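One chain follows as structure tokens, the form predicted alone.
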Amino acid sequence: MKAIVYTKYGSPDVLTAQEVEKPRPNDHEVLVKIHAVSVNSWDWDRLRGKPLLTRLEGGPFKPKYKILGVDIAGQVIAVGKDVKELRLGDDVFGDISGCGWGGFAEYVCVPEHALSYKSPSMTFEEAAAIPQAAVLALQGLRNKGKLRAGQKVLINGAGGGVGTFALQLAKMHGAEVTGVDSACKLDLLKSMGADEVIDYMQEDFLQRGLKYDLILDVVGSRSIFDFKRVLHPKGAYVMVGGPPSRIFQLLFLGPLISITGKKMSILIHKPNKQDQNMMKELFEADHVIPIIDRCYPLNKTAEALRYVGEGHARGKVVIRVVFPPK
């Protein structure tokens, strides 16, 4: 099978298209023929081995997994003998980061517990765009942020994968949303219903004298003390990802600040099939749609990763492995 492989950390130039052995499912796994796989910032970090924190689980000196990609959508073409629910021909999608990665390829073996049934109304590209970004947005707003109707919500990095899902979820719940991102993404945010948009290159959004009930920070570029000043007394700040310095700052100082009533927390990624299914239901109800900026063929994966890594993506970027019939 064709796969995009890397054996050392570096720029997208270290990726190579190779013929590798087609995997065989274990007893509790299914073999999925991948139709589409989306690109996440996590792929970019794993590719470069930066920040160094990513090497703790991904391999200290060389990559533990040779094929990146975790958000897949495709069709089951073989099943292990202990698989209970999935059947040959089922269209599925899911986040495979907890079971070996391997999405930038034509086939991958996945435990059935990681996969959800794809809605017939979804394209494979839309399904692949959902698992990680949408679940992070949902958990950040609901679990950590305790989002409620009428709240003033600020999303820093609103134009990316997590941000575009978060904006839609916040508006669906009746929040007043301010979206912060680069100028080229502001029209998109307005079209999605943002009540206010801010170009962070032109205005310091933390120096406006306004306070927010909930801040979802998908960038992690500012000190948590900067955000603390613009939170209401009982407000919540949630960081999704971010550089190690901000992560450690939140882990050690966040609980102390939270004693004052302003909740400061970080959301650690963990695949969740129940939340994955919830996002599918919201899609089916026309409440949330994946915003897909570009689709690339599998042999252009390096180009797709570079585009995402340089911060250009408006919403999600997807690798199309199988092209739909014309």
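Start at 1 and count along the sequence shown; that's the residue number. Since this is a predicted model, take the numbers as computed values, not measurements.
FYI, the form predicted together with a small molecule isn't displayed, but the following is about it.
Think of it this way: in the predicted complex, the small molecule has a heavy atom of just one of Val76, Leu147, Leu250, Leu136 within 4.5 Å, and the residue is Leu136. This chain is displayed alone, yet in the predicted complex one of Gln151, Gln168, Gln132, Thr178 has a heavy atom within 4.5 Å of the small molecule; that residue is Gln132. The shortest heavy atom separation between His269 and the small molecule in the predicted complex is within 4.5 Å. Using a 4.5 angstroms threshold between heavy atoms, Gly94 stays clear of the small molecule in the predicted complex. In the predicted complex, at least one heavy atom of Asp45 sits within 4.5 Å of a heavy atom of the small molecule. Put simply, Gly160 is close to the small molecule in the predicted complex: some heavy atom of it is within 4.5 Å. Of the candidate stretches 83-91, 160-168, 123-131, 103-111, only 160-168 has residues whose heavy atoms lie within 4.5 Å of the small molecule in the predicted complex.
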